[in-house]
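Below sits a lone chain in structure tokens, taken as the form predicted on its own.
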Amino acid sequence: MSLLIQEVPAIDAPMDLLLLADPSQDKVRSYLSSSKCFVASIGEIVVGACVVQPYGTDAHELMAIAVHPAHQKSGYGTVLLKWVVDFFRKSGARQLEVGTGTFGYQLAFYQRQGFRVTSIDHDFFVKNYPEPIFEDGIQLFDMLRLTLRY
């Protein structure tokens, strides 16, 4: 069965999936209403989700992308990201941006798709989240900003 990707209203966004990418429900809710939400499904099962917010006149920011743990490492995240990149390219965007931690699989995930590091937001995770965020036992402090220019 093939992966179906489609835009859904913010009210139908799968919050459980989005919280895998951004642990703050308040933050997700703050950007969800002004963003486009896309879901990836196999039949009736939602396996992935992505939220993209306008960022300037012809740029967008990938705010969250996640795949359900039972479906990770199956290529669905890559298919979803490629679909979103193509969607915004066809819509006339000149670039897509994303912020991520300074290490881990997410960084390589974006770089494999052509995103390049453009800046560092020092202490982002400390200043913007009430609880420390850890990945692989290491606390996240800084956010890398990556950009894919069309």
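The shown structure was predicted, so the numbers you read here are calculated from the model rather than taken from an experiment. For every residue, the number given is its place in the sequence shown, counted from 1.
Beyond what is shown, the protein has a form predicted in complex with a small molecule; the following relates to that form.
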Here the chain is shown alone; which of F109, F124, W83, Y31 has a heavy atom within 4.5 Å of the small molecule in the model of the complex? F109
Verify the contact flag for V67: yes if a non-hydrogen atom of it lies within 4.5 Å of a non-hydrogen atom of the small molecule in the model of the complex, no if not. yes
Is L20 part of the interface with the small molecule in the model of the complex - any heavy atom within 4.5 Å? yes
Since only the chain is shown here, I'm wondering whether S41 would be in contact with the small molecule in the model of the complex (any heavy atom pair within 4.5 Å). no
Within 4.5 Å, heavy atoms only: does G99 come near the small molecule in the model of the complex? yes
Name the stretch, out of 87-95, 31-39, 53-61, 110-118, where some heavy atom lies within 4.5 Å of the small molecule in the model of the complex. 110-118
